[in-house]
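Taking the form predicted alone, here's one chain by itself in structure tokens.
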Amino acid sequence: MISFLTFLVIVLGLITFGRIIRIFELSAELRGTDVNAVNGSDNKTNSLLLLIMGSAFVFMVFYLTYAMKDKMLPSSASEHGVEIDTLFAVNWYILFAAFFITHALLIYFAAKYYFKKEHKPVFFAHSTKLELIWTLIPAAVLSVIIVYGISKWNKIVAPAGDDVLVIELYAKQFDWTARYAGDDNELGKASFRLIDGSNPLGIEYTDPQSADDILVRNEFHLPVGKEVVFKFHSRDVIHSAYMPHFRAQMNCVPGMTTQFHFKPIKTTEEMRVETANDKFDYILLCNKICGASHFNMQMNIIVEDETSFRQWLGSKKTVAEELKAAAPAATVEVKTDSLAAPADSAKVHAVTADATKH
């Protein structure tokens, strides 16, 4: 009700303002004044108003940037992210300098050189010097930014070293699944042809490297100070794995593997102290609009010391252990279901046999 009343007051205020303007116009017409005529006094008034409002606009841009700085992301939690923040800062310094210079000149010249009948504008068709200035300087600045940015990007997409933790992040509408490579640090093979209700990632259970893989949902953990290689897959549409606090983002594309790597440098507890927020958690988001529940496609990330991470990972079941635990139930279901087809029965017993081997 309050919002409706506010809307009604605004509408009535606008109507009233319009009527007042119309009254002034009618009074001017009765005096024989041309309301569309613009004289020198009007131009001077508009010039002064432009100077005041333009200066206020530039001031408010800088003020709001300063006032809202605490609402921005905290300092980076990854090694390469510190350099990414530096790149962003350099970009902002350049943009603010260009913004201030161009707007200050625009407002000053528009206010100073308002229309006067006695003014004669100077016209020239070409200036090589001016064109060189506004072409070469921006080109040089952009070249430095691009080269610097590409060098930092290459650091996280180039091949990682040997001492790394390998994790697959599997995206589908509308959730994430993390698969750890296990003790052999090699992810087992997977194929979309194997995806079904009991195997959502399409893992090839007959691949020996799959046996020690570990699947986790809802949240995944990372050891601080350890290089982590992320391999991204998508089941259905293009998703985008976005970890804002680590300054990292990569598209997840159906039918192909994308990857990057980074090293976390702050634990979750350290970031909670830094942000003065005891409920802070790192987060994995989908940064591509992928459907109706896109907004809810997220997963918490916990960064902790190596010992705590190993204890947490050790408490999770491997793929082989999960299969072995599920095998008896699957076998009983086949025996008691008189409607099961022979092919389905053979498939379940094959999975049970593979799980027993592992």
Partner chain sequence: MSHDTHAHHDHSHDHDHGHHHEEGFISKYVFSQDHKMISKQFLITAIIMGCIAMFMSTFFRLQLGWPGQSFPILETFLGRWAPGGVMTPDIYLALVTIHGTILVFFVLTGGLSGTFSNLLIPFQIGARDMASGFLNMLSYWFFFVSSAVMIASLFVTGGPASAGWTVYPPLSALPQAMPGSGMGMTLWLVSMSLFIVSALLGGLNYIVTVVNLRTKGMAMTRLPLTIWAFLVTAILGVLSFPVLFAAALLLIFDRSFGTSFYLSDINIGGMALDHTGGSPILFQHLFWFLGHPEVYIILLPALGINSEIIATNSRKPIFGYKAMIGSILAIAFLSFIVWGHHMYITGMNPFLGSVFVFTTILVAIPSAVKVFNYLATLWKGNIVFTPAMLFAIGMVSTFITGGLTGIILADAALDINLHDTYFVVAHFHIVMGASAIFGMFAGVYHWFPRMYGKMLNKNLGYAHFWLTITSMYGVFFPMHFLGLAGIPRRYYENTNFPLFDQFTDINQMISMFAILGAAAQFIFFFNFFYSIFRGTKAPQNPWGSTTLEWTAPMKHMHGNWPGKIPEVHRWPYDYNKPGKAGDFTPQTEPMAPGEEESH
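We call the rigid core the largest set of C-alpha positions that still match within 1.5 Å between the two forms. Only a predicted model underlies this, so the values are computations on that prediction, with no experimental measurement involved. Residue numbers count along the first chain shown, from 1.
The same protein has a further form, the form predicted in complex with its partner chain, not shown here; the description that follows concerns it.
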Pick from 266 to 274, 222 to 230, 242 to 250, 207 to 215: which stretch has a heavy atom within 4.5 Å of its partner chain in the predicted complex? 242 to 250
Proximity to its partner chain in the predicted complex, single hit among Val166, Ile156, Ile203, Ala178 (heavy atom within 4.5 Å): Ile156
Given that the partner is absent here, does Ala56 sit within 4.5 Å of its partner chain in the predicted complex, heavy atoms only? no
Contact of Thr318 with its partner chain in the predicted complex (heavy atom, 4.5 Å): no
Contact test in the predicted complex: Leu313 vs its partner chain, heavy atoms, 4.5 Å: no
Partner contact for Thr307 in the predicted complex: its partner chain, 4.5 angstroms, heavy atom: no
Within 4.5 Å of its partner chain in the predicted complex, do Phe4, Leu12 and Ala77 each have at least one heavy atom? no
Those residues of 98 to 135 with a non-hydrogen atom no more than 4.5 Å from its partner chain in the predicted complex are Ala98, Phe99, Thr102, His103, Leu105, Leu106, Phe109, Ala110, Tyr113, Tyr114, Phe115, Lys116, His119, Lys120, Pro121, Val122, Phe123, Phe124, Ala125, His126, Ser127, Leu130, Glu131, Trp134, Thr135
My question is whether Gly255 is one of the residues whose C-alpha shifts by 2 Å or more between this form and the one not shown, given a fit on the rigid core. no
Quick check on Glu270: with the core superposed, does its CA move 2 angstroms or more between this form and the one not shown? no
Taking the rigid core as the superposition reference, indicate whether the CA of Val82 shifts 2 angstroms or more between this form and the one not shown. no
